[in-house]
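Listed next as structure tokens is one chain, alone, in the form predicted alone.
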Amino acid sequence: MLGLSMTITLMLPSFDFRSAESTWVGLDKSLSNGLRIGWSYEDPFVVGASKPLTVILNANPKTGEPYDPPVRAYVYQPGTPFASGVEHPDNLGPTVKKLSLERGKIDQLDRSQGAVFTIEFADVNGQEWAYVVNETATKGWTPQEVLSAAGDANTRYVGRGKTVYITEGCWWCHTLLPEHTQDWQVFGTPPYLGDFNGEMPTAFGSDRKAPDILHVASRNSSREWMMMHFFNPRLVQPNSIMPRFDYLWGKVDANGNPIDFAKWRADYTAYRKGERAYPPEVPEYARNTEIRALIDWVLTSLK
């Protein structure tokens, strides 16, 4: 009986899951997050290691031909595990799997060399389907030349940022699952089944102690506001109960200067007491910091 109950609980839903066709959202999340978020052999300390990079390309990295609109690409450097839908195409759904294999050539991969992926669309029997394209096989793009073409300003640490979101416990208060009720009028359209193909874990959220943030970037896309909010939420919401996440800045700012957290907090206390007219400036974060990754994830994925 135990074996039967476990089969019903674990195996049967997996067959139903594989019959669901992945949407563009599902493909984007899977490709930007990587194989899994959380503990893995590649990331044993759960610090966001071995994750892909999401880049915005304004031009073809080989020919220089401009793109309008820009193209979103997912760069897997050598050794980085490929996303679930690439490693296991059945997870994409029947139609998306067929397109991704036949047109996208996602079976022509070598982890030791890495790969670059994009998402394209095709019309099948009058319906538009998103599918994955292995640009390394179809156009010869290499991870290094794509990263060089994009530059740091157009590189997003989305996978690492999702890891920070989970390890910092943000999901205890913020859900990622607007309900099929009046929620959609405030928090945006509820997700579809195909939005979760290959996402591990989904991290829907624990409780609605704070706003649902599935589409938060469509409501507020200001990087400066996000910096203030994470450094000290009271800068933008005076009565916020959210804790500070200033430690995600690390020890130095974008110019390599040490961040004096004690002085900043003392100046902020003086501002709250009315002893100074303006709050202290939030330091610009350094390039390779957890806060950059977290904000990249929020502004890139949560739209």
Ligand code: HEC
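In this text, residue numbers run from 1 along the sequence as written. On a predicted model such as this, the values are computed, not experimentally measured, just so you know.
Keep in mind that the form predicted together with the named molecule is missing from the display, and what follows is about it.
- Proximity to the named molecule in the model of the complex, taken as a non-hydrogen atom within 4.5 angstroms, holds for one residue of 94, 201, 140, 169, which is 169.
- Only one of the listed residues (216, 149, 109, 99) places a non-hydrogen atom within 4.5 angstroms of the named molecule in the model of the complex, and that residue is 216.
- Residue contact check for residue 237: one or more of its heavy atoms lie within 4.5 Å of the named molecule in the model of the complex.
- Interface residue remark: residue 241 is counted as part of the site for the named molecule in the model of the complex, having a heavy atom within 4.5 Å.
- At the 4.5 Å threshold, heavy atoms of residue 225 reach the named molecule in the model of the complex.
- Interface residue remark: residue 293 is not counted as part of the site for the named molecule in the model of the complex, having no heavy atom within 4.5 Å.
- Partner contacts here mean any heavy atom within 4.5 Å of the named molecule in the model of the complex, and among 172-180, 69-77, 114-122, 140-148 they occur only in 172-180.
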